[in-house]
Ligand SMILES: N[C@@H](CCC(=O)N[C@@H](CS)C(=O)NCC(=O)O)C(=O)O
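Here's a solo chain for you in structure tokens, the form predicted alone.
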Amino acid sequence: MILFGSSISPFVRKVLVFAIEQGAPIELKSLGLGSTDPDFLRASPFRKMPALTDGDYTLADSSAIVHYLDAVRPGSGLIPTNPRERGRTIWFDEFADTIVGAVMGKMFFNRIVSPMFLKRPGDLDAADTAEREELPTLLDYLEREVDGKHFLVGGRLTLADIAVASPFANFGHLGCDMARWPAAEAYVEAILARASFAGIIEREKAFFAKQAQTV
């Protein structure tokens, strides 16, 4: 299986970590913004990352891909079979993608992607507003959900933890301070310290350090 995208995308990172935790054989084909790679475009006609090819089968969207991986290689427990646990897991995946991801996107795109990769100034007012007005609300929620817990669902690692922690790697690259939310900070740090995340994040840090030298 080949995954198209860049791991600095929390959605691509989510799929990579899910596959690693599951033990699925997956190869990342790194692509930049605006890629015209024909295999990528065949798998993702709207150019959204990540996209997957598995032989002659193609699929786009991170949530669709992880559910496909879970169906192909069942038994990992990363997507629970218990109805209530499964419902909570899917909710946290959605929370990560659409709520956390939206806030992170405003901050990460305008502070890093736009100046570093598109060579144009980002909208720093939009980034600052997102950090000041939107980020605290979602961190308040996460603080309540993880207080006294190591995992979000069922007392074990699931897609919920992988999906929620993934965008926080981008917050880490931004140097965001989570000291006001100690339970959330400890939870995120523990999930991102797992071997499945740690190697990816270290490679990203090295990449950003190299890019900074050329800006």
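Note that residue numbering begins at 1 and tracks the sequence as displayed. No experiment lies behind these values; they were computed from the predicted model shown.
One more form of this protein should be noted, the form predicted in complex with this ligand, which is absent from this view; the next part is about it.
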Can you tell me which of 42-50, 156-164, 186-194, 173-181 lies within 4.5 Å of this ligand in the model of the complex, counting heavy atoms only?
42-50
Does this ligand get within 4.5 angstroms of any non-hydrogen atom of Asp70 in the model of the complex?
no
Examine Asp54 and determine whether its closest non-hydrogen atom to this ligand in the model of the complex is within 4.5 angstroms.
no
Look up in the model of the complex whether Ser9 has a non-hydrogen atom within 4.5 angstroms of this ligand, and give yes or no.
yes
Given that the partner is absent here, does Asp61 sit within 4.5 Å of this ligand in the model of the complex, heavy atoms only?
yes
Within 4.5 Å of this ligand in the model of the complex, which residues of 78-101 have a heavy atom? Give them in sequence order, or say none.
Asp97
